[in-house]
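Here we start with a single chain on its own, the form predicted on its own, put down as structure tokens.
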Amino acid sequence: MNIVVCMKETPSTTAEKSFSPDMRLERRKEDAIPNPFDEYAIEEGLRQQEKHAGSTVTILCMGPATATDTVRKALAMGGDRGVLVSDDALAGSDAISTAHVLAAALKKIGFDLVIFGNAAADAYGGIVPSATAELLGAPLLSYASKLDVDGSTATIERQADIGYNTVAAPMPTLVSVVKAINEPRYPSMKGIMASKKKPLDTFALADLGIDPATVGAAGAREKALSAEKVSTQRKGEIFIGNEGAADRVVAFLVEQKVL
């Protein structure tokens, strides 16, 4: 089974965030990490490999040339090969452009099972898996908290308000996973050393037959207009005494548009 795990390089969740004049998130190499949500996808890919003899795991990433280091961090967890799609024209790509690039790369390298995290920590859009599946004409099993592959069928459990839903699809198929599916392993020293020797191919847009004008800032369908830091300061109000307390609580809830 050819398993491909799609991962993204994101800034560390603890790094100070800033924006360029054109409202793009400034990304520094020293802050770059594998998207935390994708670690669950990587772990699940490795677990499926362990269950199915002869399977291979490829880590697929779209990012800057320096993202090779981040891909190797993912390879240190396990897996066999890395693929990085990197091109200057990709800067400023939105979710749909990203899906176009990933779909083209998946067609090029081939797949039986593609696994995504359910979102990226720098955007929380969560639409790349579904957009990629649509472009490939392949089924998507989304928000999986459990994944089983039996022959040519993939089956997931998806958490519901009460219990869970069971959903199945024929392979090849795409799956997005949630944090409840597993607990990602830590790379061992042996894994870290081995990752340095694992093959890592780099594709440009020309290698995928993609017109640069359709991706990046030139092809983006969305644009950030402004951003501001979330205030962590909270104003408290203390009401002393019982008389009028209930009226004040109701008035407060009306002010906050809860009632």
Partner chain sequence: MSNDVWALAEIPSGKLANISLQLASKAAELAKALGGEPAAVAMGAGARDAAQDLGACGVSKVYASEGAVYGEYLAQPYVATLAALIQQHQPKLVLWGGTNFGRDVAARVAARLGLGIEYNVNEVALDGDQIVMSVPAFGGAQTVKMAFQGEGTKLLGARQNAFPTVRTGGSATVEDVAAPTAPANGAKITGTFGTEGAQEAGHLGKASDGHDIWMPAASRAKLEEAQIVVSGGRGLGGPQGFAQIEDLAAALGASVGASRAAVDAGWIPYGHQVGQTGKTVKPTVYIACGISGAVQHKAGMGTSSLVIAINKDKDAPIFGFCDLGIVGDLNVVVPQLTAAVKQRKGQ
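Numbering follows the first chain given and starts at 1. Here the structure is a predicted model, which means the values were calculated and not measured.
The same protein also exists as the form predicted in complex with its partner chain; that form is not shown, yet it is the one meant from here on.
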is_contact(F37, its partner chain) in the model of the complex, heavy atom dist at most 4.5 Å: yes
is_contact(A91, its partner chain) in the model of the complex, heavy atom dist at most 4.5 Å: no
4.5 Å heavy atom contact, L200 to its partner chain in the model of the complex: no
Its partner chain contact at S86 in the model of the complex, heavy atom, 4.5 Å: no
Neighbours of its partner chain in the model of the complex among 130-146 [non-hydrogen atom within 4.5 angstroms]: S130, A131, A133, E134, L135, G137, A138, P139, L140, L141, S142, Y143, S145, K146
